[in-house]
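Coming up is one lone chain in structure tokens, specifically the form predicted alone.
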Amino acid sequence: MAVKYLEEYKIFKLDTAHTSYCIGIADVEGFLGHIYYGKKVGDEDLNYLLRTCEPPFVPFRNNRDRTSFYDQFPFEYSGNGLGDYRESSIIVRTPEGGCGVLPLFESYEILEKKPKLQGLPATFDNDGKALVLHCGDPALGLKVDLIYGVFEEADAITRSVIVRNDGEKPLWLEKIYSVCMDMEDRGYEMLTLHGSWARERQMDFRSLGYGKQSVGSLRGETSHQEHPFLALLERGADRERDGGQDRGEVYGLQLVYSGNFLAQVEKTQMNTLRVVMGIHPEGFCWKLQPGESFTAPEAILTFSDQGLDGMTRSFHQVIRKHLIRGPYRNRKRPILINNWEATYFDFNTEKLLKIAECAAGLGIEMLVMDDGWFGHRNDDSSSLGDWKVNEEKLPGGLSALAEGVNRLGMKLGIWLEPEMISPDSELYRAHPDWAIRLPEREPALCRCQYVLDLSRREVRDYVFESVCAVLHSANIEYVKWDMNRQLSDLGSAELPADRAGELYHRYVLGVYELQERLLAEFPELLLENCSGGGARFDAGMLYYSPQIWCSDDTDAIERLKIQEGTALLYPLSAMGAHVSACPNHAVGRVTPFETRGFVALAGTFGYELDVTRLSEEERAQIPEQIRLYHRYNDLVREGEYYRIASYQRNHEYDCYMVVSRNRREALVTYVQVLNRPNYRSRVIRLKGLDPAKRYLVEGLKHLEGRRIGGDALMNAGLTIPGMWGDFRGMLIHMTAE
């Protein structure tokens, strides 16, 4: 059984294929303790790991040192204000102003499937059973349910929390994390992802010192700057110069949420670690009337003894099979061309159809019309919220454009930014109170726009009806849903003062509701989320869209680092990646067209340029790139990903590979970023192959037609010859006999 209660030992045990997670009940009061998470173990009595037989002992034996016990016990879910001075998992304020809370075990349920989370994205179809630990704080009349899902095959465990006010007075929830895990510090390092616009998800390794080390967002979204993820790595593992990632123990945690978050590790006086993750408590306060409940987002946990590679494959499997939904989950995506970097706001039907006609002749399958098709929007200073076609640009509206594109055998997609409102718009003039703002302040502009208050039902209904009207007006098969600014000036004209702290979270719930309604109305729609590039590339949004625009930086060399950090957590099928024109619009770099194609093949693949203005030499390469996409995309989309080398860490070259699940096929992508003078070929060792199979190598002239054993390819390696110049790439394809 994946979930069991070892009654003799009072231990709950969650087993996946290769890991075990153990929780114990200590003392008659029902203290829940985190015993163990790691490589799979038998059904043993591991309660000695709780150290309750050591001073200060459990309160049943030594009530005079209760606070010392609270401050050292490895709580499965930590309380607040009663003597545990480490980071609390929950804070609850009473009408009298008190903030003490301690959830204690009351009962449990073992379920066939974990329950759904109301209004929130969450994993589904867990292939193991689920566990619910019912806890409570009788002094508050508070119930706390700790929910665990088990994904045996993927070696992953999910955690979430639901609290309910069963008392007679209102309570204010001022903090609620989704996961708390106390563990021994074995000299771990911490890995997080940082960045900014155009350089998202850069890997950052750091040593753990005493005290708290964290990443988080207060921007109303998960953000370009930091990511709702952290990993703890066995010291010295995965840090060699070539970027190999298949050794050492790793704990990985990520949050299925798209708003403010905190992910934190605290090293304590006893050389233990407390790891927490959940909604950021700053600016958060949720009122719970008697009988009301609150559901915290889900967190996904995994343990790997095969380094970051093992963690990555676990996350990929859970997200690909148990989080992404809809008809495109396992389907090849259409190759699109987006007009943004081709025209920006300067386009009309004639110009778009010229691009589409040329693109169709080369094998491109969809035209996406980006920003500037509505209102009187000829730059970014107006018309957001006025989702009516500008017929000066598009005579006959979207239907005429769609008909012209469809006649060419192509699909049509469009860009929308439904969460925003421009001061210069009919919508703002009619409803200025619909913008998020503080009543005593002039709200701050960003990109000359405000944010709509999606906590309000009438605002959500307006957005939904406006978007539906657009999509019903023409044969539109794809939507790029953008969000180009963060939240600020947090105030809602509708929320009362004692609920003002609910706005951040209610906003995120509003986004989720809108996208859920949209997909119900248009079940065949291909939705791609975006937020100024990759500011909201998170597991929460992947529940609604099978792909997310990875970054507004489309430079192939910058994308190596961005896509490496993204692929650390998310399957390649989720990464929006395009070939763009050079000099690149973000950095001015000139990269060979062939290399741009190789890098974009690691994602959804498409084009971000004016194909009519390419040189004949570059245009002639597009059919070959499209042929490669159709040949390899099933493998890239469904295969297992392995990191061979990291340009971010070695500053010279990048290499990764994808292997089919039956290990009969593999594709290696190699990019020589900087050439080296007076060096011989470089040796790379492959991963994930079947050591007993022999593989036909394609793409290396000196090995063309050779069959080489999988054991030799992984242990002895391949030689990669140097290429003339910088920014050169190659694909190496292997098939087994």
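Just so it is clear, the structure is predicted and the values come from calculations on it, not from any experiment. Don't overthink the numbering: it's just position in the shown sequence, from 1.
The following text describes the form predicted together with a small molecule, which does not appear among the structures shown.
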Only hit among 286, 415, 387, 328 for heavy atom within 4.5 Å of the small molecule in the model of the complex is 415
Students should find that, of 552, 594, 137, 182, the residue having a non-hydrogen atom no more than 4.5 angstroms from the small molecule in the model of the complex is 552
Looking at the partner-bound form in the model of the complex, is residue 281 within 4.5 Å of the small molecule by any heavy atom? no
Evaluate residue 546 for contact with the small molecule in the model of the complex, applying a 4.5 angstroms cut-off between non-hydrogen atoms, and reply yes or no. no
Heavy atom of residue 530 within 4.5 Å of the small molecule in the model of the complex: yes
Closest heavy atom of residue 610 to the small molecule in the model of the complex, within 4.5 Å or not? no
Segment assignment from 170-178, 366-374, 659-667, 129-137: heavy atom within 4.5 Å of the small molecule in the model of the complex: 366-374
